[in-house]
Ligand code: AMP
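A lone chain, given as structure tokens: the form predicted on its own.
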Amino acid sequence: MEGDLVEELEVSLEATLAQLQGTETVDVLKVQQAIIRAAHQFMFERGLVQVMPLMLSPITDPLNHGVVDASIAYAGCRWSLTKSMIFHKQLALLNPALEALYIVSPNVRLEFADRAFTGRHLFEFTQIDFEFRDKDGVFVRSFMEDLLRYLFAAVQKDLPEIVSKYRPEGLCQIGELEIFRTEDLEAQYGPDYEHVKSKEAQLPFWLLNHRREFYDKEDPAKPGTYLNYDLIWPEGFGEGLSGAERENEYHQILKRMEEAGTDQQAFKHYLKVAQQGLPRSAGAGFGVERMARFICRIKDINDVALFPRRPGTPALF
């Protein structure tokens, strides 16, 4: 077993050194830089206030799938590595002077090894998160479409040689994106509906109604369905953004927690605030690495990261 690990690390060293010295690596880094630079400018123009990221917190996203728990004891408290700042976005909007915010947020999700070769998963990545008070999913989806147009135009303008290298036809033109529902696609394509639809699509599209975390708002007009949405990249690149309207009513949060089997004790302070009243809000977050992977048509997202972050796989740096 130990010999296998040594051999695996030696292979990892060779692959890492090759990636560090590759021309493609610099192209991807420049694309990621252009995405983040343009996103900052867009958010500033739209009046969103930047909030600094947190790497440790007593509460973080429980996710809707299993990951290795990553936490430490400090100052009499259990601190988790941030899987996402979903709760912090909601809580920050309690400030009546803050109507919309965004975060360039590092996330750590220690995925199991079965996600090592999906092409889409890293155990450490960066997403650009945003949240709006008193807005709904229709608003957020329109905002994201505007943001995509802005980002793609900036990357095309700032990095024309790189774009023509990987996408000689240019970046796709973003209009009002097509909308699908999970139940309709599953009926048409079966359980692998998202991947199948992504492979056949030529443009990004919206996919609505996923059963997942307790904070995604259940549709009061249609119980058992949810007011959430994912942006799906075409050409088989899969999910690029996840978002939702938020549960903000105390009794409904408790109901959803019970359904999901969430440990209410771990969220006791959040629930106290919810009992007093959380703002109505909606938001989303998109992965910077996943967007760069799509733009540069990189098969494996691990080749987008400068240092390997493949789930369940040892690394040297």
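Just count from 1 along the sequence shown to find any residue number. The model shown is predicted, which means the values in this text are computed figures rather than measured ones.
Omitted from view is the form predicted together with ligand AMP, to which the following refers.
Listed stretches are 144-152, 240-248, 172-180, 219-227; the contact stretch with ligand AMP in the predicted complex is 240-248, by a heavy atom cutoff of 4.5 Å. A residue is said to contact a partner when one of its heavy atoms sits within 4.5 Å of a partner heavy atom; Q127 meets this definition for ligand AMP in the predicted complex. Residue contact with ligand AMP in the predicted complex: I301 places a heavy atom within 4.5 Å of it. At the 4.5 Å threshold, heavy atoms of E235 stay clear of ligand AMP in the predicted complex, well away from it.
For the chain shown alone, H88 is not a contact residue for ligand AMP in the predicted complex, no non-hydrogen atom being within 4.5 angstroms.
The contact residue chosen from L122, I103, V163, L207 relative to ligand AMP in the predicted complex is L122, the criterion being a non-hydrogen atom within 4.5 angstroms.
Only one of the listed residues (E99, E111, E194, D158) places a non-hydrogen atom within 4.5 angstroms of ligand AMP in the predicted complex, and that residue is E111. Shown without its partner, the chain has G285, F286 in segment 252-286 as residues with a non-hydrogen atom within 4.5 angstroms of ligand AMP in the predicted complex.
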